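Heads up, the chain below is alone and in the form predicted alone; it's given as structure tokens.
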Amino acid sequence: MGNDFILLIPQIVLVIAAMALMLLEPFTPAAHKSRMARIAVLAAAVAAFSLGSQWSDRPRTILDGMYAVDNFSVFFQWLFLVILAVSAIISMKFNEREGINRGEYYSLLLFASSGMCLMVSSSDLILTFIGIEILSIATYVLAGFKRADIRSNEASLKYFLLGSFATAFLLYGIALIYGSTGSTNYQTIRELASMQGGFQNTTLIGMGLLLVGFGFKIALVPFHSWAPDVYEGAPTPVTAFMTVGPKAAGFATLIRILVEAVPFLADEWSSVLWLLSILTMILGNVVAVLQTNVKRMLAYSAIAHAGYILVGIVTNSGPGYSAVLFYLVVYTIMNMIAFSVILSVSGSGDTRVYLKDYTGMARRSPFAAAALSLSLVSLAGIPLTGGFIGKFFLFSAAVRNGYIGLAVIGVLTSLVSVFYYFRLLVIMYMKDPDETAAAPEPMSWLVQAVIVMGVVGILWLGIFPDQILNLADFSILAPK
């Protein structure tokens, strides 16, 4: 139990910090609420440092095989902790401006992050479900954290209702898999199927229901309908968190289940994910062209990028999974930069989120316009950016594994995305500024530092991607 305790320190740190913030909230003066964010960032740093000792060439399991300690889980937990820290930093000034700067906000971010870490480390369907619910409940509340804003209330309610519906699919899927195999442990499910010489139809149906549940979590078409409304209505820092954190956690958990629990169903789930990837890339990009609300545009962009990421999973190959890990890192950086700028532009009430609000922005706020432009260029997959390298490796893995048509569709839909990303660039740089429009609010030096590091990261990964690619290679779960 002693070793188990040490390996659970990252989780314990996040949960203790979350509970501490809830206890401190009533005793913290309103003028000092921002210090709560610093506690969240400190907790993320301590948890990230404690993960260093878990990096090893020898994967382990603890808690009777329910909790996996391997490079795959460490890689994603580091990513989640970075997302947590950045989300807390960009939330501080926004929450003060909107009058929602309360300790429970940062507590919920910590709980959501602990749920994501639990999901990616889980090696058992029951523990996976617990992690999903911890994440989901926290994000339901975060989406509606602006209690006086009807849009935020609507986003929270829609997310809760549809999320509960998706949870039912997950539970039914888990129940069917347990009923056909007699276990919820990934390794045991795989071994029992091997002993039985195949799989039962019940297992196949259960896996289909699991894919429906995960399709909702990562906003795959046709399970995406909640995303645009929720991303638009939620407070902008929460939208930033939701577009990268839960999405990465969902993909990581799905990969672990597919590789460790049901590799014997590879032909079946690859075919299903192939179709979902095509639908997601096409609908996400085509509908994004029609949007005039920047948050909704990026919501459909997030749907499209889920389709791109799914391309790597469809290949069921080492290079494909490595490309997925790399792209999730790049996608996190790109989106966090974009939303850091958006929350500065959005103004009091978080209402200036339309294309017209960015007219001539390059003259009013050149730093913010330049950072957002680089993020959009990278999201479009233009060379010399991390987004281009990420898409290149995803589509290359598809071609090498015989999915040439899927790669072609990915490239063509990426070309469609250039239109709506560059439309915003044209508005910022080639339109005369509206003299009556308010300039973006000044950013704190911490937010500016985050943006600068993100900009450097995008350019660095676009020119020298080897370090993160090698890290991803060491972290993948090898297909069985």
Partner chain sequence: MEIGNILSWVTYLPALVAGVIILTPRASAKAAKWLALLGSSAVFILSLHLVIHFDSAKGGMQFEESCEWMRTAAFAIRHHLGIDGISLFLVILTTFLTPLAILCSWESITRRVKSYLVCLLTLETGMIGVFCALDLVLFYIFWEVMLIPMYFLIGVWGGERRIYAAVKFILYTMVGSLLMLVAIIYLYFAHGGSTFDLVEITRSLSSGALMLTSREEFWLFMAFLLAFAIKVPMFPFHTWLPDAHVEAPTAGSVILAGVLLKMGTYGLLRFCLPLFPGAAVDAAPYISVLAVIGIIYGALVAMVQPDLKKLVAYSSVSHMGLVVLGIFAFNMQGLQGATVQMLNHGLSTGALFLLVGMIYDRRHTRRIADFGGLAHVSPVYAAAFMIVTLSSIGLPGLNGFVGEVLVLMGSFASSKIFGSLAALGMILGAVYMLWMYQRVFLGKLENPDNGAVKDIGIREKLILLPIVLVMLWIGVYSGPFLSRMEVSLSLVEERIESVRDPGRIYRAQHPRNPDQQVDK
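Positions refer to the first chain, counted from 1. The model shown is predicted, which means the values in this text are computed figures rather than measured ones.
Another form, the form predicted in complex with its partner chain, is not on view; read the next lines as being about it.
- Decide if the three candidate residues 172, 180 and 268 all line its partner chain in the predicted complex, where lining means a heavy atom within 4.5 Å. Not a single listed residue reaches its partner chain in the predicted complex, so no.
- Query: Want to guess which of 52-60, 65-73, 39-47, 407-415 is within 4.5 Å of its partner chain in the predicted complex, heavy atoms only?
  - Reply: Correct option: 407-415.
- Item | Answer option from 94, 274, 264, 388, heavy atom within 4.5 Å of its partner chain in the predicted complex | Checking each option against its partner chain in the predicted complex, the one that comes within 4.5 Å is 388.
- Item | Single option in 192, 161, 399, 286 placed near its partner chain in the predicted complex, where near means a heavy atom within 4.5 Å | By the 4.5 Å heavy-atom cutoff, the listed residue in contact is 399.
- Task: Tell me, yes or no, whether residue 455 is in contact with its partner chain in the predicted complex, where a contact means a heavy atom of each within 4.5 Å.
- Result: Although its partner chain is absent here, residue 455 would stay clear of it in the predicted complex, with no heavy atoms inside 4.5 Å.
- Item | Partner contact for residue 384 in the predicted complex: its partner chain, 4.5 angstroms, heavy atom | The answer is yes: residue 384 has a heavy atom within 4.5 Å of its partner chain.
- Task: Examine residue 13 and determine whether its closest non-hydrogen atom to its partner chain in the predicted complex is within 4.5 angstroms.
- Result: Because no heavy atom of residue 13 falls inside 4.5 Å of its partner chain in the predicted complex, the answer is no.
- Task: Check whether residue 469 has any heavy atom within 4.5 Å of a heavy atom of its partner chain in the predicted complex, and answer yes or no.
- Result: Result yes; residue 469 sits at the interface with its partner chain in the predicted complex.
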